[in-house]
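Next comes just one chain, in structure tokens: the form predicted alone.
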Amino acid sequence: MRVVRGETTGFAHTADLTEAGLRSAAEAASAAARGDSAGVNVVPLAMQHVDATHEVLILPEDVEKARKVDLLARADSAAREEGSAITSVTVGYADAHRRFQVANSLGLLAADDQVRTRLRVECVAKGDSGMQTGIEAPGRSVGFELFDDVDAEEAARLAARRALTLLSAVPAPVGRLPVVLRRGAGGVLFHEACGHGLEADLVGKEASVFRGRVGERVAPESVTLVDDGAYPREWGTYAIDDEGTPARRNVLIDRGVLSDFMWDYMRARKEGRAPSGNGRRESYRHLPMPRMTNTFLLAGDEDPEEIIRSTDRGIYCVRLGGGEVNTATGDFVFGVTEGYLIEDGEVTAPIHAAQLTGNGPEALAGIDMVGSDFETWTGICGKSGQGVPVSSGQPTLRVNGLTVGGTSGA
């Protein structure tokens, strides 16, 4: 229960769905917002119909557990068959089915039915250089039909091959170098280093480097950044957000020009504008806030292979790991979990112990080639103690200079 009075919000939650339990929570939220119990507002509620972005074909709860266990066992075997150096394989399967309704005093009544399914394979290989890890974790907002498109055994082989390849990795160079981000690989970088700074609550708190810059050029004309909660089948997809606003496609950077932020109801109300469908919460126990959904850079015109061929020396980044971002300044640091040297226009030796350091707006401005391919990354985004499913993506692209931290000389 959320009660809003001016700039004050009263919030309460309960798992007691009896009339008395709901009334108690409503009174607590109202008292917190108003400071008194006066006034009753009665409004008619009319169900708002919002079409689902796609059809879920096989509900995961309708699939026998034995079939899911068999899937895990086959993936485990496939990974181990890739080589005797694979010493550990962890295969996980997860699905979720979330149904909810939202009602408010403006007369809104809306509902959504969200299904997500995911596989995660982690392989550890051991060699003379120590232990290396490879991960593959496909997921979509679909049912068990995910595995009509995703071959679980091939996903496991891919994770194992990544770990095995890294056993021959050389130390990463040190210095400022061009970085080519493979399709999908840089999605998490732009999600963290740019996307959070485009969420309206951080902008309003002056904790965003993009505050006050709408209408300014922040990237080359080849760069368009979109957040799209209605993107069919993606991990961050839904019909309505957690405030009942229909999901939609929001262009944040339009051909290099900052055009908008992501808005929930509260921040949009304060600014006298419509919410953008980005009001999200982890569960009913949490207040909604502006959050990303599926955030991605649109594909360009360049041949991905030509992007590599035109790079004399640099880093080819296939996967990024965890990192840290200061949204107020845009400064970031990310670990590279799978990367390779580019030498004379060719991808050569794998590298380990690499970190990318830079600044979000500067990285955007430094994009000088944008490929024609595209892929997404699936994950859970954490903010203010809340985790929500998101995806991010981008085509193969080149940033003309990022600081690479490693153990070798550049």
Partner chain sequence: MRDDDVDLLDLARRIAGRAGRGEEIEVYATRRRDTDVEVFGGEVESLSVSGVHGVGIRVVANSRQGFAWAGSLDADLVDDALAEARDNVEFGQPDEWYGLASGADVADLSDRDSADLGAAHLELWRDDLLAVTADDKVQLALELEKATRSADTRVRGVEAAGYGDAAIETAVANSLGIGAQSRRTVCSAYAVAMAGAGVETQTGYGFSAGRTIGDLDLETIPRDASERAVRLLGARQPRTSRLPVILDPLVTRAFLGVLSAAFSGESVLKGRSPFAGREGEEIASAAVSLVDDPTDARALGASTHDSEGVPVRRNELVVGGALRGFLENVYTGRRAGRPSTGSAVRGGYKSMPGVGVRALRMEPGRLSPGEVMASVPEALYVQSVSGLHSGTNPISGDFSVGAEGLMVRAGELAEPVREVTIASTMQRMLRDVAEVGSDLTFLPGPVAGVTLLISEMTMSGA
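Positions refer to the first chain, counted from 1. Take the two forms, superpose them, and find the largest set of C-alpha atoms that agree within 1.5 Å; that set is the rigid core. Values in this document were obtained by computation on a predicted structure and should not be read as measured data.
The same protein also exists as the form predicted in complex with its partner chain; that form is not shown, yet it is the one meant from here on.
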{"item": "is_contact(His97, its partner chain) in the predicted complex, heavy atom dist at most 4.5 Å", "value": "no"}
{"item": "Contact of Asp373 with its partner chain in the predicted complex (heavy atom, 4.5 Å)", "value": "no"}
{"item": "Exercise: Thr133 in contact with its partner chain in the predicted complex, heavy atom 4.5 Å", "value": "yes"}
{"item": "Distance check, Gly321 to its partner chain in the predicted complex, heavy atom within 4.5 Å", "value": "yes"}
{"item": "The single option of Ser77, Gln101, Asn326, Ser168 touching its partner chain in the predicted complex, heavy atom within 4.5 Å", "value": "Asn326"}
{"item": "Proximity to its partner chain in the predicted complex, single hit among Pro246, Pro220, Gly204, Gly143 (heavy atom within 4.5 Å)", "value": "Gly204"}
{"item": "Which of 85 to 93, 271 to 279, 150 to 158, 109 to 117 sits within 4.5 Å of its partner chain in the predicted complex, heavy atom basis", "value": "85 to 93"}
{"item": "Residues in 3 to 18 with any heavy atom within 4.5 Å of its partner chain in the predicted complex", "value": "Glu7, Thr8, Thr9, Gly10, Phe11, Ala12, His13, Ala15, Asp16"}
{"item": "Rigid core superposition, Glu324 Cα moves 2 angstroms or more between the shown form and the other one", "value": "yes"}
